[in-house]
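A single chain, nothing else alongside it, follows as structure tokens in the form predicted alone.
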Amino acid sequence: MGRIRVGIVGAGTIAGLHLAAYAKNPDVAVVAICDLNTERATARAAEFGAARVCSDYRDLVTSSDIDVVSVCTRNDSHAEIAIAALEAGKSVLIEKPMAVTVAEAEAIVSAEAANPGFVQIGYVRRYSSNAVTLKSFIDAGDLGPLYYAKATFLRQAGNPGGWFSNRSISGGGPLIDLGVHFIDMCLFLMDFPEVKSVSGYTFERLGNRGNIQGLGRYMTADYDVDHNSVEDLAGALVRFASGAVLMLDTSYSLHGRDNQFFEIYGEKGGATLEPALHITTERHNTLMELTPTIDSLTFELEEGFQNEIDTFVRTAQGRGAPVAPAMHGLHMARILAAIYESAESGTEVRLGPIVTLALPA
């Protein structure tokens, strides 16, 4: 095949990471960049050699000279843009979260099934060397059946503000922004088990803590210390039909230290994936501590995005099956919705299996 022709919708920070990775792939030509802010789109186009810019995503997704689309916009617009691109015959890389509601996620699943293109969700942590290596151990059965995972993604003062802190746009706070990384990792490593029930909690006690000085952190261009409608802290106990369990907590703001880890355990061994890959198992009645020799034992942002983009391009060329299809995003949307519902009601929420979605005639 010739070069894959790419259109980017959204020209903000995350688009910069996509564009940098596309620029390093020799099988890609970035054709167009779309943003409501045409000045920002023009600057990105000049930086990465895109031929044109536009302010209406419909103009981009219907262009005959574009094969695939990266959706790098605010959470509340993901579904609308992705569905339009799929219906125009494009394949779509959608930044996480794929959708902010279960209904939106179901609509994307239906659109993917009814059209020739495919969906890849931007679960970037899947693509780093540490995750790929651990998955190979798990798939080979070296850890045995998996039954327990626990994950933490906590920040002291890390609310980005702007649309991230506006629930009507983002769909939520650290749970839907940070927690999705480790929920997806658990689902991915456990091969997407059916969810049985969810018990969740959230707190909204600290706001965005814009008063804190001396800490470098990412802030949106429209950051406003007085505007915050998302949770500070969220957590959940997720039970799977297999009997396996995930324990998760995540925050934008805590009076404590930044903390980030992911651990998973099976009947024959366990592993710490973050902060660095480490495997514990046993041989001949002896405990073994294994440290793989790979390029990176930790999650590296640049490597993750490069591998993610390269995988998307290969799939678009027909050199591999989709690895993070819309159905994976539906799994996520159901869990997120159940956590927020449980937190609001103070009760456990039970989930049944995903019903096969009826496609339009």
Ligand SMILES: NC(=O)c1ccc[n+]([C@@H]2O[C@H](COP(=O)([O-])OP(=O)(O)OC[C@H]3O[C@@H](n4cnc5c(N)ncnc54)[C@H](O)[C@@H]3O)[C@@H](O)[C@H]2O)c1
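Start at 1 and count along the sequence shown; that's the residue number. Keep in mind the model is a prediction, meaning the values are calculated, not measured.
If you look for the form predicted in complex with the ligand, you will not find it shown, but the lines that follow are about it.
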Counting only non-hydrogen atoms, choose the one of 89-97, 258-266, 282-290, 227-235 that falls within 4.5 Å of the ligand in the predicted complex. 89-97
Are all three residues C34, G122 and W163 in contact with the ligand in the predicted complex, where contact means a non-hydrogen atom within 4.5 Å? yes
Although the ligand is absent from this view, report whether C72 comes within 4.5 Å of it in the predicted complex, heavy atoms only. yes
Please tell me whether any heavy atom belonging to D177 falls inside 4.5 Å of a heavy atom of the ligand, as the geometry stands in the predicted complex. yes
Can F48 be called a contact residue for the ligand in the predicted complex at 4.5 Å between heavy atoms? no
A11: touches the ligand in the predicted complex, heavy atom cutoff 4.5 angstroms: yes
Heavy atom within 4.5 Å of the ligand in the predicted complex - the one residue of S77, S110, T272, S197 that qualifies: S77
Select from the listed residues A157, I81, L189, L154 the one whose heavy atoms reach within 4.5 Å of the ligand in the predicted complex. I81
Which residues, if any, of 280-319 lie within 4.5 Å of the ligand in the predicted complex when only heavy atoms count? F305
